[in-house]
Ligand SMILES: Cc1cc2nc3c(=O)[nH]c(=O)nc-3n(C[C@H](O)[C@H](O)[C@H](O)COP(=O)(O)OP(=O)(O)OC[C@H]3O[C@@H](n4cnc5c(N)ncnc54)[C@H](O)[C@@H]3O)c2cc1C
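Consider the single chain below, provided in structure tokens and representing the form predicted on its own.
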Amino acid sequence: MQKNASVQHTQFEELLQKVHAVGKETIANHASDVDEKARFPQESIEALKSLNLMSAYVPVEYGGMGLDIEQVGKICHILGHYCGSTAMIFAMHKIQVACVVHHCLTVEYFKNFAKRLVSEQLLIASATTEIGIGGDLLSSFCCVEAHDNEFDLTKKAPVISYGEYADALLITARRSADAAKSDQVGVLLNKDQYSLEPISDWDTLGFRGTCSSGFVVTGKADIEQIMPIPFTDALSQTMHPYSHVVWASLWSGIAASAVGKARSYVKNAVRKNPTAPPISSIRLGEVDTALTTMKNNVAASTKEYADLLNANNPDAFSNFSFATRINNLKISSSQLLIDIVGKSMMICGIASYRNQSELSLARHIRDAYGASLMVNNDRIMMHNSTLVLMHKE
């Protein structure tokens, strides 16, 4: 498994300041329009590309920044402050990048692709879910049909986030037509190697800018574009833990943004009447405690995952305890997000309920409910119950 060496602290702090600047000057300015029209945040993604962030996790030897997972998580947190959809797109892209970096850089095609990521700032989407399998990432009806040095595939995906706007697509499929549903591989296709036929739209409550419509994917590519490891390994070592870390990181950014608005409201109330602090100040202390808990949970899980990556021991990811803890990160973070944003709304009152108010938390609360529904918490809890029963102290 490939691992990254983090950039120098000073350089990284400078990068974070640039991310904040882009967030304030570009991302925040377009967030409401992106949300209202359920459109792809093109301006925001272009701004991230201008900072070479699409390839930030690519190792330095291939031209990337070589950021580690803790640093990527901090960027996701910042982006969450300004636009949940932009942050989610960046996070999901980074999951696919991590799959390439961790598992594929022994293959010449993927080495060249990593360099293209840097030079062209490509955006990668994924098609891992499939109609008829009920959200089970470990099963596919779709299969790789190989002939000579090429293969074809067709997949009915109920959701491909930002699929129409991606430059490449990571797709899961059975290894061959006669393979078991669980015998999967991942394939990475360039935009000119697949077509998308829309089968559903994306007019949702929250995370509207992710444009997560459904498509029938038809693709044809070279055999060398198949990932060199079984998808189950990529899922347990990278896709599963990396997803929960970057998602929880951006959710903590959304939560922090909500608490920031609540803090502004209380400060303003204190200025108006400094001798009688408003009752909302008590709620502010309560919600700040919840935010601290959320941030601490994210930091602890991120560090544990980073330590496992640095240990370079793939077997460690099959540990039931780690899988349960990383699942718990997703469950607890998504639940805390709803709680924190909801309490922040109670602090700000009707101002938070108005769409055009500076204290509006309408987008925050709608995005918050999406967090527990994407990879449904009940499904994860059911999986956890099985892991707990199998675990031995």
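Throughout, we count residues from 1 along the sequence that is shown. Every value quoted in this text rests on a predicted model; they were computed, and no experiment measured them.
Heads up, the form predicted in complex with this ligand isn't pictured, but that's what we're talking about next.
Contact between Q11 and this ligand in the predicted bound form is not found at the 4.5 Å heavy atom cutoff.
F207 belongs to the set of residues with a heavy atom inside 4.5 Å of this ligand in the predicted bound form.
Residue contact check for L123: none of its heavy atoms lie within 4.5 Å of this ligand in the predicted bound form.
With a 4.5 Å cutoff on heavy atoms, K18 does not count as touching this ligand in the predicted bound form; it lies far away. Residues T129, S212 and D378 are all found to lie within 4.5 Å of this ligand in the predicted bound form, as judged by heavy atom distances. Between the options W202, Y165, F322, F141, the residue in contact with this ligand in the predicted bound form by a heavy atom within 4.5 angstroms is W202. Here is the short version: of G260, G134, P274, G285, the single residue with a heavy atom within 4.5 Å of this ligand in the predicted bound form is G134. In short, of 227-235, 299-307, 152-160, 277-285 it is 152-160 that has heavy atoms within 4.5 Å of this ligand in the predicted bound form. Counting a residue when any of its non-hydrogen atoms is within 4.5 Å of this ligand in the predicted bound form, there are no hits in 230-259.
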